[in-house]
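Next comes just one chain, in structure tokens: the form predicted on its own.
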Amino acid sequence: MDPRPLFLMTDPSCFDVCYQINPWMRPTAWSPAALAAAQSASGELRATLQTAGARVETIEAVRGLPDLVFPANAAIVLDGKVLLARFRHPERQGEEAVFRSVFARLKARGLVDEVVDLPDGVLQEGAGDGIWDAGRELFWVGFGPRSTKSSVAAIRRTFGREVVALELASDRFYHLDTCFCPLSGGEVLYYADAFTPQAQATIRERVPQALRIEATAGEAEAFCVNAVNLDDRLIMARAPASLRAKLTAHGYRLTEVDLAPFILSGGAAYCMTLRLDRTSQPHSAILAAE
């Protein structure tokens, strides 16, 4: 079995910003030049992942589904089990059938093992609102703007793992992955004001102060919390110097990609990828098994 991390990405050739379902989306700023920049940025992100030692599966674009470029919202994947998303907004609901077909193909190739549907009436927008924390062996689950609170129990039942619920307080940070990123060293990079007071208290209870890296408003608005973490490497949108200093002080190496065209739609590096090979087995146990 290939031990390299495996990510899903989408061909960006049909990406545009033609509607608004979050405050970041700016259809009037879209242009043919923005599409060309998006194609270049997606290619750079893919190449960066590959240089970092990852494999990338790229799925086809579908005209009329511009946000298909954000496969993090397609599903939660752990231990080969795929929990398919159900989207709140009609503009994205057409993605559900596409991703169902994609995961069926991946299953046929042995890249995932099982595909599971959410219970009726539950809205849950994939790894955007269901983030696996390997060090703590639990899911952080966001709810509010997009995913319903009922998704918390659905994720717990599906995967049989501990789930910590965090209510999001703002449509500007509509998915958990826009404002919360658990890191390989046990730290959590997050933007506190994106959460309700109760959710902020939960984070403080669960994460010691020394491991909490708080992003400023400017750092969060640059979509740098929406990052991909591979060991000590963080792949993210262009970062303010202040955030670069914080992360470097914790021993992380940053690789920055100009993802401005995707930020026009409210997404960045984490949104543009879906990790397919996450496992609940601790890394030490994996090494022992090998």
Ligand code: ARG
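In case it trips you up, residue 1 is the first one in the sequence shown, and so on. All figures in this text were calculated on a predicted structure; none of them were measured in a lab.
The protein also exists as the form predicted in complex with the named molecule; that form is not presented, and the subsequent description refers to it.
Engineer: Residue-level contact is defined here as any heavy atom of the residue lying within 4.5 Å of the named molecule in the model of the complex; does P12 satisfy this criterion?
Structural biologist: Flag for P12 set to no.
Engineer: Quick one: is R92 in contact with the named molecule in the model of the complex, heavy atoms, 4.5 Å cut-off?
Structural biologist: Judged by the heavy-atom cut-off of 4.5 Å, R92 is in contact with the named molecule in the model of the complex.
Engineer: Do S147 and the named molecule come within 4.5 Å of each other in the model of the complex, heavy atoms counted?
Structural biologist: So S147 does not count as contacting the named molecule.
Engineer: Does S280 reach the named molecule in the model of the complex if we count a contact as any heavy atom within 4.5 Å?
Structural biologist: No, no contact at 4.5 Å.
Engineer: Within 4.5 Å, heavy atoms only, one stretch in 110-118, 189-197, 133-141, 169-177 touches the named molecule in the model of the complex. Which?
Structural biologist: Partner-contacting stretch among the options: 169-177.
Engineer: With the named molecule taken in the model of the complex, which residues across 256-273 come within 4.5 angstroms through any non-hydrogen atom?
Structural biologist: Residues within 4.5 Å: S265, G266, G267, C271.
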